[in-house]
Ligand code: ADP
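A lone chain, given as structure tokens: the form predicted alone.
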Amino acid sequence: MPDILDTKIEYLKGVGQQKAALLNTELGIFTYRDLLEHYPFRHEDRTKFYNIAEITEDYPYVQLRGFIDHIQLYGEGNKKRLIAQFSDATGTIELVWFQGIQWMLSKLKLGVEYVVFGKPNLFGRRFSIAHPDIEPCVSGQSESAALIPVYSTTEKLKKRFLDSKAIALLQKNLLETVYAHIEENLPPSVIEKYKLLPRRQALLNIHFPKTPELLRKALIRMKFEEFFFIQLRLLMQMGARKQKSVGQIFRNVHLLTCFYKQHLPFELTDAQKRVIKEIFADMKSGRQMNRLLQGDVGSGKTIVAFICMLIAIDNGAQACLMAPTEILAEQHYNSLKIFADSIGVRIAKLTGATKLADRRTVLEELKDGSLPIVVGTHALIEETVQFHNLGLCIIDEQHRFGVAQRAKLWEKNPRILPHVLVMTATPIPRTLAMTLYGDLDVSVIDQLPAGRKPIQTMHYYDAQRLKVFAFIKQQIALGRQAYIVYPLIEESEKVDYKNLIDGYESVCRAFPDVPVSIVHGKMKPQDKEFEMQRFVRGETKIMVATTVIEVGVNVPNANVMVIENAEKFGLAQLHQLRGRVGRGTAQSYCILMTDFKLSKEAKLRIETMVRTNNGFEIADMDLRLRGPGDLEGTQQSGITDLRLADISRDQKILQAAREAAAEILAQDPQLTHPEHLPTLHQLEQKRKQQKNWGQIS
């Protein structure tokens, strides 16, 4: 049976072909379903009337009842405006129009009682409302008043009389037409358990709620539904992958045991041991591992990666680690080489900068299997790179790679899929991980290595710069090194470049006897590398840089990080930069320098950084402040399905939706029970609209 919601929008009463063409191009509304899912972005509360005397700046919108006492035109030409004095028993407010003046003049009458709705603005000591909704008062209006939906529209649509009110009228026509045909898509057991409104009622009350309470319930129901279908899809993918995706079985751990007992230079933390056990359980299960390893900066992910590589090598397979930049690949290679050399395992590096002769050797040895470990950039996914038996792929900071790029790495073993371990130092809040990586198993290293002291973070204003410089001098005298980082914002690279050079010159003046390095994105790679290596060797004591050092070299001796204009950075970036220090045993410090004038949000970011070193707490706050849309990599996930739900604000609903999806799949993995058929139908409909990249890490 064809679904009435798939009917083309032009057949709806009040639309027609011309308006339909505009709705297609301007709002992407092609069918009845599209219009029904074009939800209001807010509701204007017409249930309450205010007195003029009680208005404050904090009120977003107010509804008033009163009379127009006086009407007057001011200004000429473009500056012409119409002002009407509107009053009730408690005071007076100005109503102002800058457009449609003649039409308003013909409508407004003195001595008539009006209902006015709009946003109050304070100029001097007087309140005014620009372009208010105004209608003659009808007897009994307060009883019949309601929550009025406000829909997003465009200038083109408004010119063709398709403003928010017109869209609301179309929604009314649509709901009258399709209400009886709206089918339930959640199982009765879920609706009952979570006390959800039926779908039909929820859609009616999203658009035209009778009360604020019904609107609240309708929003909960539709947000739950959005999360539920994303979670259902992810959990089904995970189940299918675990059933179908056969993986190499790695049981031998002789090499690992030898390394652990004789060559490991430090004791692993309990968190590292737990994560290695989880990974080993996957590797010997006979199913392909697809695991996300989260760990804050400096938590010891590299040694975990190496131990996993040893398990693969011990079972006759090869391992590779792919990093997003040459600097990061170089850092991983240098760290892993120390461990590999200690136990006599060969390791090589493959990046765009690898010399031709070296590249040829690496390619031959990967193909014949004599090279067990390779570390590289996206150069690893080139067609010329062939493995004898790739058993483990480790991908670092995977959000920087496209899905198709990661898929190419999978194809490097045509016989049997390699195990996949995705590593990130960007802490992902649990709720976001559930939605972004809901089909991956997740391991978390939530403990710093022994002997590491928490970084002390302090906030200073620009006026306190001399105090900060004195502190840096004191630390250099103790044999330490310092970073001073400047922001680089794309919109004004020239200005920020000048800031960096000015900063470098002022640092050189303040520290005349101290050698200083400078690193920025516009330098040639070899010059950048030269400056970084001087800092690594301790030849320079201060590095002035842009954020290129965010994922840069590991310098345990550097224990001071000064971040200039810290208010210009997001929380995640501030946390990444802070992680450049605190790598040795000495106490480390992060100093956030800002202007005295700070926005409310900037203050909250700075306060969060000073208060906590916990990456997950910082990521949660970042998600609340910025929302998921700004976080890298989210566009390839189910987040684009969310029209009403918000990952940062609706965490409890997301948790409940995941529990419900998991419970249903535990009873009925294929959704074949009669009560689950409507849910399966809805899921298949959503699948048609999307290309499935979900099986690729």
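Position 1 is the first residue in the sequence shown; the rest follow in order. Heads up, when I say rigid core I mean the largest set of C-alphas that superpose within 1.5 Å between the two forms. Because the structure is predicted, anything quoted here is derived from the model rather than measured.
Heads up, the form predicted in complex with the ligand isn't pictured, but that's what we're talking about next.
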Original post:
With the partner left out of view, is N185 within 4.5 angstroms of the ligand in the predicted complex by any non-hydrogen atom?
Top reply: no
Original post:
K301: heavy atom within 4.5 Å of the ligand in the predicted complex?
Top reply: yes
Subject >> the ligand contact at D296 in the predicted complex, heavy atom, 4.5 Å >> reply: yes
Subject >> Distance check, K284 to the ligand in the predicted complex, heavy atom within 4.5 Å >> reply: no
Subject >> Partner-proximal stretch of 98-106, 113-121, 265-273, 230-238 relative to the ligand in the predicted complex, 4.5 angstroms, heavy atom >> reply: 265-273
Original post:
Quick one: of G503, P324, P449, P487, which gets a non-hydrogen atom within 4.5 angstroms of the ligand in the predicted complex?
Top reply: P449
**OP:** Could you check which residue among N334, Q464, T585, N554 gets a heavy atom within 4.5 Å of the ligand in the predicted complex?
**Re:** N554
Original post:
Does any residue in 304-337 get within 4.5 Å of the ligand in the predicted complex, counting heavy atoms only, and if so which ones?
Top reply: none
Original post:
Is K284 among the residues whose Cα moves by 2 Å or more between the shown form and the other one after superposition of the rigid core?
Top reply: no
Original post:
Is the C-alpha displacement of C258 equal to or greater than 2 Å between the shown form and the other one once the rigid core has been superposed?
Top reply: no
Original post:
Superposing on the rigid core, do we see a C-alpha displacement of 2 Å or more at H378 between the shown form and the other one?
Top reply: no
